[in-house]
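To begin, one chain is listed below as structure tokens, in the form predicted on its own.
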């Protein structure tokens, strides 16, 4: 360990620099006083952050993305948790096929999913509606929740549930008072990853939105195709800061290692 310490330190430093450098550039560009992309900035200005407030379309799109992320992540969690409990603890025919079905959105290209969703939603005349977006996003993000909850279920001590049952607790009480608290880190971690994935989703969403349900990624993509001013950088900076704040809060409440690895409470 001591012999490889220097190499590991250099490697980790280069890797961290590779990951952080694009974010530093985006944040730096957001503070430029110029009307074009410039890094390093020639001065410090909040001009392009003020421009966000002067563009209500972006603010509306951000609220739509937030609402869509919350609703779709919650809906996906409602399906993924019982599915993970059944797959992780049950022994029944078709168990592997059920798991493959829930994880299949990860194996299909997003462009193919977008075209398929467009055709499917058009059959029921809900293409471009918020309900249609929620259904599509819930399907896309369910695998992220399922995998983390499965990790929590795998480490679940079932003797605690048996003890509760022996004391007369009903199935619902056992789930609410024992099982759910034990797998809660995996559920919360999956919900957070699902929310972030939904909030950032572009490829599938661009096929199924209309002007009244345009999300922030689609709005940013449309803006980039028309101009290259630093407004996109300022909006991206706000999203980055919001994400960092969310991670700090979650780390204080649960611990990011438990959330991202889906470890159950012990």
Partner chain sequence: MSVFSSSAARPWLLSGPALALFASLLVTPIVMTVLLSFREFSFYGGISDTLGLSNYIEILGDGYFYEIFLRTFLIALGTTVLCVLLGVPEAYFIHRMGPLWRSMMLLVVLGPLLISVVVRTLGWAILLGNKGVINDLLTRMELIERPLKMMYTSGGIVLALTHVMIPFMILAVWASLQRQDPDSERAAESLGAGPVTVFLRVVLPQCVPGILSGSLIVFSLSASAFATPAILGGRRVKVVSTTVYDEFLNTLNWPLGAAIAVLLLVSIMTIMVAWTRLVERRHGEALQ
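Positions refer to the first chain, counted from 1. Quantities reported herein were computed from a predicted structural model and do not represent experimental measurements.
One more form of this protein should be noted, the form predicted together with its partner chain, which is absent from this view; the next part is about it.
S.K.: Although its partner chain is absent from this view, report whether residue 86 comes within 4.5 Å of it in the predicted complex, heavy atoms only.
M.R.: Because a heavy atom of residue 86 falls inside 4.5 Å of its partner chain in the predicted complex, the answer is yes.
S.K.: Residue 59: heavy atom within 4.5 Å of its partner chain in the predicted complex?
M.R.: Although its partner chain is absent here, residue 59 would stay clear of it in the predicted complex, with no heavy atoms inside 4.5 Å.
S.K.: Though only this chain appears here, would residue 105 touch its partner chain in the predicted complex if you measure heavy atom gaps against 4.5 Å?
M.R.: Flag for residue 105 set to yes.
S.K.: Residue-level question: is residue 113 within 4.5 Å of its partner chain in the predicted complex, judged on heavy atoms?
M.R.: Judged by the heavy-atom cut-off of 4.5 Å, residue 113 is in contact with its partner chain in the predicted complex.
S.K.: Check each of 73, 148, 183, 136 and return the one that places a heavy atom within 4.5 angstroms of its partner chain in the predicted complex.
M.R.: Flagged contact: 136.
S.K.: For the stretch 170-207, I need every residue with any heavy atom inside 4.5 Å of its partner chain in the predicted complex, listed N to C.
M.R.: Stretch hits, in order: 171, 174, 179, 193, 196, 200, 202, 203, 206, 207.
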